[in-house]
Each structure stands twice: as structure tokens, then as C-alpha cells.
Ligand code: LER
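In the form predicted on its own, a lone chain appears below as C-alpha cells.
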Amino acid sequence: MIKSSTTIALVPQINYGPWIYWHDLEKSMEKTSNLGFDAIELFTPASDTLEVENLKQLLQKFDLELSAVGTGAGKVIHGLTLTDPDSEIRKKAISFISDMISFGAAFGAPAIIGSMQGNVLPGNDRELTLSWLAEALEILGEKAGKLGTFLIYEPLNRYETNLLNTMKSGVEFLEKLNTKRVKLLADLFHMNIEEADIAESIRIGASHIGHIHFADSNRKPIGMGHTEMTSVASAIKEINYSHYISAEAFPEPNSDEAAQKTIDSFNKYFL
């Protein structure tokens, strides 16, 4: 069954970005639950930001699940990426994500690698950089598998990374790995920039897709841009997708209206 999720940012160093709710966890969860969402996706400063037992109690209180945990604070706060030429920084990045995997696994939720994947920096070899990414995904994928979950890798648009930008390139990269515990994130905003046909790219990703970010062409909630959702929704259902569709979208015009717009769109296309 396809499930719905909002996003909640709890990182004090940022004040705006593609997350529906901000800073007040319990109030955000209450609003999420009242609107009929199934889950929340969290963006936290670190793996120990929240006490596991406290979060479990809140999830139970509001009848919600944890859909995924973001790792981007590792880059935002600490400047860590998996493809930094400095091996010590790469080790710290792996450690940071490993801890996030452990946190998420306590709820059966995967960790997402987005901005922490990094870039091929000027003067550096592309194949060597991709080998660093592959090495990290092997380690982290196996860690996730041992904890009963999986890891999510997100192809980003060309303005955010020069590593892997399309679903096809993501599939080809994952299929070369030994670990089978890494899945892809199909982010509709990034795909709007990079894919010639979003629906067909969903079909290409098929069983490799483990999470979907639900945002329109302008990264506002679905219905506020020009993404043609009918064919995309059909493709998502056609591949028998059974994970979360999570609103990583700007809180426009405000959090409450963005959440309402998202759940209305989710219900329109997936219920």
C-alpha cells in the first residue's frame, strides 16, 4: 500500500527549505495526524537529536510512522560528503550516516543520502570520485541490511550534484554494487529538471525505487506547478510501489496550506 508522509525540519541552522513543517515536532505531528497522513519524514541535526523512546511514544500518540530520516545536516552543519578528496572527511561522513541509519532502523525507517553524496570537485578524477561513492554505499548498505532496513540514494539535479542525475544512471550504478540494500529516491522535483519523461523514468526505476519525494516542478506542493501528475501517478501504481510518498516541498504559501494541498493531491492520485 502506498502511504503518505509530511516532512519536518528540526535543524536550527536553517530557516527555510523544502520541508512542510518546522521546529515544533509535537505540534507538527499533531497537524500531520489530523490531516490523515500516515507518517513523518525527519530532518534532524544528528542521530541523537531525539530520544528514541520519546519519539516512539509520540508516533504512537498520533498514530504515525517514521517514513525516513534525512542525513543532509552532515553537510549543512559539518561540511561532510562521501566523495570528499580527504579520506578522513569521507570516514566522518560514513560515520555520520551510519549513526543516522541506526537511529532510523529503530523505527524500521531508512536513511536518505542526498546532499551528502557530494560532487566531483574541480581537478578531481570522476571515476575515482564515483569509486568513493560506491565504497561508501557498500558499507552503509550492509549496515542498513544488518539492522533490518535499507539505505536510500537520491539522484539530484545538475545544479546540486554532478555525480548521478537521472533514474537510469542511478539504476546502472546500484546494479554494479555488491550490496542489494540500497534503493533509489525518485524526487519529482529533481526529475522534472533531469528526465525527459518522468513516468517512463519511474518505470525504469521500478523495483529499485524505495522512496518518493512529492513536489511539483517549482518545488512547491503538488498542484502548484506544472508537473503532469496523472501519468506519473499511473506509473507509480503500475510498478506496484508500496513505500512512502513524502512531501519534500516548500511550505508555500504556509505550512498548514502546503500540508493540506499535499494530502488533497495524494488522495486524488493514490486513494
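Everything numeric in this text was worked out from a predicted model, so none of it was measured. From 1 onward, residues are counted along the sequence shown.
The following text describes the form predicted in complex with L-Erythrulose, which does not appear among the structures shown.
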> Tell me which of 29-37, 213-221, 229-237, 57-65 has residues with heavy atoms within 4.5 angstroms of L-Erythrulose in the model of the complex?
Replying inline: 213-221
>> Considering non-hydrogen atoms and a 4.5 Å limit, which listed residue (Ile198, Leu156, Val120, Leu80) is close to L-Erythrulose in the model of the complex?
In response: Leu156
> Within 4.5 Å of L-Erythrulose in the model of the complex, heavy atoms considered, which of Asp99, Glu172, Glu138, Glu160?
Replying inline: Glu160
>> Given that L-Erythrulose is not shown alongside this chain, does Thr179 nevertheless sit within 4.5 Å of it in the model of the complex, heavy atom to heavy atom?
In response: no
> Any of the heavy atoms of Thr166 lying within 4.5 Å of L-Erythrulose in the model of the complex?
Replying inline: no
> Does Ser115 reach L-Erythrulose in the model of the complex, with heavy atoms at most 4.5 Å apart?
Replying inline: yes
> Along 242-265, which positions have a non-hydrogen atom within 4.5 Å of L-Erythrulose in the model of the complex?
Replying inline: Glu248
